[in-house]
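Shown next as structure tokens: one chain only, the form predicted alone.
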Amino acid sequence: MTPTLIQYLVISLLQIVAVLGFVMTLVPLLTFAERKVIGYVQVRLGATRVAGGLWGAQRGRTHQSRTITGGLNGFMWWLGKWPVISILRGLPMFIADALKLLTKEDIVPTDADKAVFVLSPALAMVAAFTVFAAISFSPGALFYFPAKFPFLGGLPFNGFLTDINVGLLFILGVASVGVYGIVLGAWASNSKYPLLGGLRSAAQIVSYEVPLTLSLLVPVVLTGSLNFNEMSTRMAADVPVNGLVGIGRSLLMFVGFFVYTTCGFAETNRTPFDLAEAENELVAGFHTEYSGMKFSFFFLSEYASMITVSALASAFFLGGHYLLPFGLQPAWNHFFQHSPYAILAWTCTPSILWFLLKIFFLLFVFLWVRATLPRYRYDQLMNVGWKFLIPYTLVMFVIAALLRYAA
């Protein structure tokens, strides 16, 4: 059934709302998860209750019900007695964070370039969210509207917003615009520490974009496409089951995943590459002069970029919508198609579940690394990019071309 123009626009609007709703829900949950994961990794308390000068859980049951926060704290104190669900203690904190940012005073420095100062956080956030237009969460339709559904009956609700032929090029092009928001915001603050942070960020992101793009050219060469859906499917399911070409592709994807992920950490200004906001050197870096919602826009864009990096790593190296990573899915399918274990045949088909689980795992790795590794010196950071990662990715690119020719 071919939709009319109005139906197509309505479905597109619903898909945009679904994708933005998913991202805008995941981002604040990530701020909560970051506190909890770092707390567990470093063997200390993470978020456990809602802060404030109101009655808390330790004041006795007679006082807990007098305020909303007191009741919440009492409930979370009770959750702490349970082994698994105790991780949910402090969950309302991200709501408190949102309220704090909404109500916090919005300060603009007197000597700042006010127009650029105001627009820079929006530029960074728009660039970080626009890339989701070309990311495919599911290779086909997630579901079909029931036949009797008003106006949209029988039409598909796809797992992607657009399926353009140059999807990867669109993602890389739009994502690179985000650095302008950081640099312009740092310059417009008219302060030395933000300016130093912005210059660091510009040099860092430009430097690591080279090996990141080269690492993503490996799946481009191996698949012969720039379409997100087509690349993801071919990298996962079109690998030879045996032979040197199949083994070489799997090894290349394995190495490429670690190179790409390292560059992804640098591109998102995450530890150990967070030199643009090194608090022991630059107060808070490029966003030192920002407060309120402008400050939150920078962090919304950072967490959204983490989701983007995780989605690309999942799609092109970890099997995407299929279960197994590094091109191992065809061997898995071959085994279950010629064995009595038909009950596990569902693991041979693509699903949005595998894609999301891999994204969540990689987001956990972002938090895990922050809780574990120290920060690079700036000269070390630049040396890793120019002296190691770029030569490695050039070698990988040549090997990918040879494998494509051999296939």
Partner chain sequence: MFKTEEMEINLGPQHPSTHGVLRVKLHLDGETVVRCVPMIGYLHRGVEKICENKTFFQGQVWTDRTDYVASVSNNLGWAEGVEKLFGITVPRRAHYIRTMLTELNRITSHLLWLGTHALDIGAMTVFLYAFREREEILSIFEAFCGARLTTTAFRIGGLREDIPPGLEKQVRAFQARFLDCIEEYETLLTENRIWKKRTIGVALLNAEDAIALGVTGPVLRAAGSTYDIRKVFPYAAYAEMDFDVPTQTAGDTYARYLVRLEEMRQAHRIVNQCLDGLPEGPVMAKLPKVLKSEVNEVYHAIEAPKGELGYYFVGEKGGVNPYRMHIRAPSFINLQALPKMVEGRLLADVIAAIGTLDVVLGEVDR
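Numbering follows the first chain given and starts at 1. This structure is a prediction, so every number in the text was calculated from the model and none was measured.
Absent from the display: the form predicted together with its partner chain. The rest refers to it.
Within 4.5 Å of its partner chain in the model of the complex, a heavy atom is found for all three of 42, 192 and 380. In the model of the complex, no heavy atom of residue 360 sits within 4.5 Å of its partner chain. Within this chain, residue 98 is remote from the site of its partner chain in the model of the complex, having no heavy atom within 4.5 Å.
Heavy atoms of residue 200 reach within 4.5 Å of its partner chain in the model of the complex, making it an interface residue. Although the partner is absent from this view, residue 349 stays clear of its partner chain in the model of the complex, with no non-hydrogen atom inside 4.5 angstroms.
For the options 93, 282, 266, 134, the one in contact with its partner chain in the model of the complex, meaning a heavy atom within 4.5 Å, is 282.
Of the candidates 292, 272, 153, 140, 272 is the one whose heavy atoms come within 4.5 Å of its partner chain in the model of the complex; the others do not. Of the candidate stretches 272-280, 119-127, 297-305, 102-110, only 272-280 contains residues with a heavy atom within 4.5 Å of its partner chain in the model of the complex.
Contact annotation for 346-381: residues with any non-hydrogen atom within 4.5 angstroms of its partner chain in the model of the complex are 370, 371, 372, 373, 374, 375, 376, 377, 378, 379, 380, listed in sequence order.
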